[in-house]
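Below are two forms of the same protein chain, given as structure tokens: structure 1, then structure 2.
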Structure 1
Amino acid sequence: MLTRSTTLLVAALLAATLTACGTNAAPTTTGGGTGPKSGGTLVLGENADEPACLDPHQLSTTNTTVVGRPIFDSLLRQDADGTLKPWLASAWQVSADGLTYTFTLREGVRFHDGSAWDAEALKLNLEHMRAPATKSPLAAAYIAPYEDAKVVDERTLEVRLASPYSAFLNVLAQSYLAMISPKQLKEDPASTCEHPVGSGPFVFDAWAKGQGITYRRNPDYAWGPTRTGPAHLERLEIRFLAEDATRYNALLAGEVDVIDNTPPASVEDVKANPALAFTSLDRPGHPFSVWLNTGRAPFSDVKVRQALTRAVDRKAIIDSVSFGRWTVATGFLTPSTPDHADAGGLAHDPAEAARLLDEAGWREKGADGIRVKDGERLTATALDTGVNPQNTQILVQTQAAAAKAGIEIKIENVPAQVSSERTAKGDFDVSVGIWTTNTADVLWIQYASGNITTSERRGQNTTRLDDDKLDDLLERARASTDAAGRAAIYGEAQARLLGLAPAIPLYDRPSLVSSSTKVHGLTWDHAYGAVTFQDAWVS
């Protein structure tokens, strides 16, 4: 691996940068009075959750926004306070019945291949998102109510929905629904995974799988979400570094300039290092959770699911893994997500876990303490890809807590692709993960029965939960055009999920970003909580 020496800044610049980059503060541009400088290369160290495809409509990894946002722009952008602002759409109108959205599109935008941004380009993108051939794991679900669109004129598209959809504008600000070149979609749609073409501040350069992705500056970019003008950086490089220690040591050695997913154990060291800066942002969406497959035994029994929820000491696990940096989840949405409600009732209670298992018929115990019924052990299989060390630790500690209650969890180490395939088929019992999004509609994505994967459609209801009452609540919330009424319905849905226990919400995981103090102008994509680089520069 190539190395580059770390350039230390003068004391005054160090002080200014460290002051600007405190915990939970958005990264800001600082320059010691010299202002942004054009040129140079910034190298980002990422974890090993590498996407299998760079088409934004097919992306589903936790690094989706980080790897895709340099290339792709979205129709709208979201501010830190949740306000939606123009981006590739300069204005929009919504009909009184919530079924028709009329978008006025920004002028002067060009894709990297020279094709124009117009109403036909937006229509092509919406059709690509929902096309079965795209096999979209996210975008198709996010715009499921989309029915059709009509080109009014070059700059105006009228979009019609089959039913009102309260989250439609929010999801159009996400990187999963970013815009791809219409020329590429028409002439070579199969190339979108390997050679993506967008309209963003950087042009895709090369992808060495298992190693990294490189980008070069788009010199014609003049429609950024925070300012006009091209990126300051000449080049951007993302390196996939699986081990936490490797990623952190690469930052210390100057081999990378920024690291995402800073190891929690290293945060205080970063803050104490005058050559480094640290910043974090709470992510919206579904908390990091232990997912349970409700579609087969043993977790098809709600009492067994409830028992495991009570058996797991969430705070002990979180404190151990995050060194006190993560906050225990209060429900099935993070507090930074619209319509979040505090579910309560998730207290660690081993006695209640034992009672529930007795009630479910698992009264006997084997010599090793694992419960038995009709000669069968209470056993479950967990899948672990090893991509994220914290995820592995959480599974191991969940396994230990379950064993104390008499539930055996066997952890299988499998490649990410195998995990994805088996999860889609329902061939697992336990997995862990997080779902970041800027809308409470994540509950529909994750738990509506219509989102269980079938041979015809890839859904994201990995728990395979099928509950008519919850389905009704989530459909009503999606269709509600009244903010207060929608929040009340989502409150009911979150309370019902507490009883159904398809998952154990563990913590609200923030983005933890560390950088050299020679890096300035890092910004956030607030629709996801990911670091972005259009305004970044190096001194």
Structure 2
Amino acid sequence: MLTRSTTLLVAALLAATLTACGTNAAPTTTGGGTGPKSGGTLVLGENADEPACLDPHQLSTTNTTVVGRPIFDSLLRQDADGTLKPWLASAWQVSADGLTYTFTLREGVRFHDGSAWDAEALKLNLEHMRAPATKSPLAAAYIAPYEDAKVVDERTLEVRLASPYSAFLNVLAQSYLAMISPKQLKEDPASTCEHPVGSGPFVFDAWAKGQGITYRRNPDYAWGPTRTGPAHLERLEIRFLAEDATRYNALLAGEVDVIDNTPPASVEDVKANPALAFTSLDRPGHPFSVWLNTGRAPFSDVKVRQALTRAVDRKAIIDSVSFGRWTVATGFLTPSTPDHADAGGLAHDPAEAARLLDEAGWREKGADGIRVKDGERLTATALDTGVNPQNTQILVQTQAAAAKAGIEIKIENVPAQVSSERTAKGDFDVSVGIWTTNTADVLWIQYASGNITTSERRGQNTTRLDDDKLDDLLERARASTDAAGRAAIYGEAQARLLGLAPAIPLYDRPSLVSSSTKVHGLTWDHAYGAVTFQDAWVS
């Protein structure tokens, strides 16, 4: 029977793959001999990537975990070593065919509005994720194989999937699939956006859009992932500080106690400052990459894509942009992702780039060094919102490397909304992005041809890659119920992607968190690589 033992096997495998992934230690700065102090307020400075709504099921924003974790708990939690541990579910069983998941729920959990956590509540949440009215950009895709659920008794829910889906348990540990109050979902689901009600260590207090969110302690909290009992902090506040320099200076001035997204340029200064502490965690998923639109010329030609990949000195760019804080990506999954395979084959090789372009027919060169074929210039358009200075830097340096190889990249400055629309329509050649998730299924989301945006459905296959062999591999890995077999298929898929070169994987973006030494007990949400506060206290 494939039951908990499967889970344990997966866990063991995960542990094996994850031991190599570096900075996994929680960012705890244990000071002095005094124990945790109760009370007080902690202020976090976050970047301006503010969610438009606080219903986690409606979000795909990077900061969802940081902003939502205080309010919401998940069914499972992911450990530092990748193991899935009980949280709101106390146990689970998977049927041999991988189609039925039976969850046993934790007792005694109450939401902030007093409603009880039971099988009905879990079912309501799963239904809410996929309800068309929720317009879920992420949770719905993550539980796409969900068919229906049967309430066996108050504490037991039997979830049926339409097809086996190996990543199901992993994604359930992510904050995008966290559990909302059943009362709220039944009575007024739309209100979750503005007044989210969960079961987490903090109760939502107020949200001043464009400025920040405040939370207060949930005194009844006794089901924390690492500790029973309510949070030490009386209040928690998250402030959105757009400018890198402003955020860093706010920490220096003591206006905030912790900052997320520490500017890479300031990390050295933080480390050298005795009043500050620094910590980081590698995020799982797809590395930060330069996406190439394979749906139109010039990047519809795989040789041109391979050429650009080889023309770019990724290490030089990443080192200069991050001041050595980021590690260069080794493939299409970051090392902290389950089933990551180190395939190599992304070496900087300008000679090979030139050879590939010659082979693709771009032999002649114009006066400015840009290659020409049949009177047409080898030119591509990149979209940049200018919001993130590091992204612009990466584009500019990629542009310079491409120009040396004879590929012209024009950078267009567009507002975020336009960028998102044009990317969905395929009206671009180059863009940059990252996809953080705790399963290799990210490859299916990003590269399966079924996820290309059509007029009916918005998919997340930005590069519009359409490869039968890869589709088959990703579907098989998805349906695999055998962990070792799945890892092998994902290994093949990653190797195939290196050949198809739909993107240039650049770096594994870590979470860079800096804090005042007064702050203790910061923890991580390992399913996403985000800082959490349920055990934090201020001395």
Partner chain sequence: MKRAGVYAAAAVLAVLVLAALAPELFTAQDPLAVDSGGTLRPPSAGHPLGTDENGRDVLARIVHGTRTSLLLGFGAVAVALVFGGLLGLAAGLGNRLVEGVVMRLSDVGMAFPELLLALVVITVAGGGTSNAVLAIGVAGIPNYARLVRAQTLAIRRSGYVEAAHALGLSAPRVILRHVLPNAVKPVLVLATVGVGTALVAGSALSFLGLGTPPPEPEWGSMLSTARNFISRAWWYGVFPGAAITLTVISVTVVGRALRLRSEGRAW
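These numbers were taken from a predicted model, which means no experiment stands behind them. We call the rigid core whatever largest set of C-alpha positions still superposes within 1.5 Å between the two forms. Just so we're on the same page, residue numbers count up from 1 along structure 1's sequence.
Working note: structure 1 is the copy from the form predicted on its own; the remaining copy is not. Between the rigid parts that turn between structures 1 and 2, the hinge residue, out of 284, 251, 178, 378, is 284. For the chain modelled as two rigid parts, C-alpha superpositions between structures 1 and 2 yield a turn of the smaller part by 11°.
For residue 304, the CA shift between structures 1 and 2 after superposing the rigid core equals 4.5 Å.
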